[in-house]
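The chain that follows stands alone, in the form predicted alone, written as structure tokens.
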Amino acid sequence: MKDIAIESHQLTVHYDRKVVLHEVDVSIKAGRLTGIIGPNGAGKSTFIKSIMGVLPRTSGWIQVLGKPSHQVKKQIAYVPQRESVDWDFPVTVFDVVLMGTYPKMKWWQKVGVLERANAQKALEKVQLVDYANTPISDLSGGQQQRVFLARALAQNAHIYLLDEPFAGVDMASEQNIMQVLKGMRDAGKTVVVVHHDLYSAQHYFDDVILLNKRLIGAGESSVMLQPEYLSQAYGSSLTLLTQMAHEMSKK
């Protein structure tokens, strides 16, 4: 279906015989901003990596744009968790963003005017043009995250997957990132974000997928961020979360 960008069926993933995801059936609508939410160890990052096809599945399948992910990998852009990146690597901001143009280049091509122009436009969107020649190690955490978002933008993909993009960033960077993500959504891109903050989730995302090793539910954020669903995802011991969601629903 044209309105479905990503679909999983009976997706099951194990790590060392331990179930990380169990029979997840979910569809992600095209042109929407979708948050993946759940407690630590719920399989959120695993789900993102399964979409990209970089993790072996125990069973089930995933389709992206109606095809297996390996057939459309050039149309998938990924922003990893900031802590997984070697920020001491000797490279400038512009060089990192330019890497986003590589997937759509032929192996024999050299970086040209078009690729450099795309990288420049991406830096403008994340407000880091003045840092183009700065080593990435000299940036703040928020700036570093925006660099990797710019790299993804330079790829000009259809699907954007971001793993905890707001972790450890300042409020100015968070607001800039959200502005960019909403702009991407408005331009028809499909944006999927692993996120942990329930309060901001209701304001940030059109749709929410609640995970805790299995699918708790998926739908519009105003529906999924209610106590009846959150209690299933986080457990009855985390009553503060459900109380907060109840208070949010009154606003």
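Note that residue numbering begins at 1 and tracks the sequence as displayed. The structure presented is a predicted model; accordingly, all values stated were derived computationally and were not measured.
One more form of this protein exists, namely the form predicted in complex with a small molecule; it is left out here, but the text below deals with it.
When you look in the predicted complex, the only residue of 193, 42, 28, 224 with a non-hydrogen atom within 4.5 Å of the small molecule is 42. Partner contacts here mean any heavy atom within 4.5 Å of the small molecule in the predicted complex, and among 215-223, 185-193, 43-51, 200-208 they occur only in 43-51. Contact between residue 81 and the small molecule in the predicted complex is found at the 4.5 Å heavy atom cutoff.
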